[in-house]
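Quick setup: one chain, the form predicted alone, written in C-alpha cells, and binding and motion questions come after.
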C-alpha cells in the first residue's frame, strides 16, 4: 500500500499534517514536489512560486515521508500532453478567476497517479474545489482529505502566504473571521 501526497513544495505545517495523516494509512508515503506549469495562467506567477527544496526534504522527512520525489517536467509530461477538463465546475468560484487552472490540476494529479500508482492520496480541505474535482477523477485511488491547518491568527497556511504583505495578510483574515462567525 502506497500513499501519495502531491505538493508543489514550499512545505509548511499544513503539508506536514497531510504527510502525518498519510502515515496512519501506510508506512510507504511518497511526497511529490512539482510546480506544475499547467496550473498557472500567468508566467510571472509561475516563476515567483516559492521553492525551498532542502527545507522541503527536511520537513517531509520529519513528518514521516519515506520518499520525497522531485520529478522533472519531462517525467510528468514526456510527450504530447492530454489535458483533462474540469468541466463546468472548474469554471466556477476560484476557477472563474483562474481559467484552465483546474484543468492543469487534474491533468498533473492524473499523471502522478499513473506514474506512482498509489492506493491512496492525501489532499487538504483548504482547496475544497480542487479536492471535489480530484475525487471526481479518482477511479482507483482512495482520496483522503485533511482539515485546513491555520496559523495562530487564523489564516489558512499556504505556500504563497510568504508573498503577502502585512496589510494583505490582515485582509486575508477576513475570510477566516467570517467562517468563524458563521459557525457560531
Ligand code: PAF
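Residue numbers count along the first chain shown, from 1. Predicted model only: the values in this text are computed from it and were never measured.
Beyond the structure shown, there is the form predicted in complex with the named molecule, which is absent from this document and is the topic of what follows.
Taking non-hydrogen atoms only, residue 127 approaches the named molecule to within 4.5 angstroms in the predicted complex. At the 4.5 Å threshold, heavy atoms of residue 105 reach the named molecule in the predicted complex.
In the predicted complex, the named molecule lies farther than 4.5 Å from every heavy atom of residue 2. Of the heavy atoms in residue 36, some are within 4.5 Å of the named molecule in the predicted complex.
Stretch 36-44 is the answer when you ask which of 36-44, 23-31, 139-147, 66-74 has residues with heavy atoms within 4.5 Å of the named molecule in the predicted complex. Residues of 1-32 lying near the named molecule in the predicted complex, listed in sequence order, are 6, 7, 8, the criterion being any heavy atom within 4.5 Å.
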